[in-house]
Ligand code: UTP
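What follows is a single chain, given as C-alpha cells, in the form predicted on its own.
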C-alpha cells in the first residue's frame, strides 16, 4: 500500500531547553519565524503524506492550536488588509489532515507509536518522525525512505555517519551494504561507547514501519524501566525479518541539542527570503 500516514510523537518534556520549555513545547521553539514542528510537517506534506497523527501530552495544546484555524486572528488581519499573512496562516492547517491522541503516560517512544495505532489500518505501513530533527534536502528525507521501502519492501530507518566522539549519543547499526546508500541491518546498539560501537552509522528520527513491525509493538512488553522502546522492538524484529537503513542525502539539524539549534538559527536566518541579506551583513560586522 502507498504510504499516506505519518505518526509524530511530541509528548516529551524538553528538559534540555528549560526554562524556555517550561510553558511551551520544545517543538514550538522557532527557527526564525516557524516552529520546529512545522518544518517537519512540511517535509511530510512534500513527500505525499496526507494524514498526520500527533501523539501529545497534557502540555502540548499549542501544537494542536498551531495547526488549527484562528478565525479571530484572520479577522484582525483582514481588517488591516494583510492578505499575505492571512494566506500564510491558511496554508498551515491545509498541510495535512491532523489527528491528535494523548499518550496516557510517558512510557517510551514505542508506547507513543502504540497510542497512534487506532488510526492505522492493519495492513498499512506508516512514516514516523521524531520532533527534534529538522532536515533540509533537495528531496524530502522521508520520501527517500519511502522510495527505498517501495524498492525493497522492508522497514527502513534513516542513517547518518557521525564523528566517533559523538557516537555514544545515538543508536548505532551493524550491517552489510547492499547498494550505494542502503544497509541490510544485522544489529542495533543503543548509545555504545565509542570503542565498542559496531560502526559510525547513527539512527536518525525518520522511519518507515511496516505492519509487521507495528503488530510487534502491540505485543511488546515494557523494559525494566517500565517503558516500551522502539529500539527494542526493531531489535526483536531483526530476529525474523529484514530491516534496512538508508544513508540519506540532506543536512540534519538536531534541534534537541542546544548547539545544533543555534547553528540552525544562523543557517536558516541566512537563507530567509526577507531577512537573509541583512542578517548576513550584520554577521560580517561582528568581531568573532
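Positions refer to the first chain, counted from 1. Values in this document were obtained by computation on a predicted structure and should not be read as measured data.
Just so you know, the form predicted in complex with this ligand exists too; it's not on screen, but the next bit is about it.
- Candidate site formed by 155, 175 and 241: none of these residues places a non-hydrogen atom within 4.5 angstroms of this ligand in the model of the complex.
- Although the partner is absent from this view, residue 103 contacts this ligand in the model of the complex, with a non-hydrogen atom inside 4.5 angstroms.
- This ligand in the model of the complex is not approached by residue 278, whose heavy atoms all lie more than 4.5 angstroms from it.
- In the model of the complex, this ligand sits within 4.5 Å of a heavy atom of residue 130.
- Residue contact with this ligand in the model of the complex: residue 272 places no heavy atom within 4.5 Å of it.
- This chain is displayed without this ligand, yet in the model of the complex the stretch 107 to 115 from 209 to 217, 85 to 93, 140 to 148, 107 to 115 comes within 4.5 Å of it by heavy atoms.
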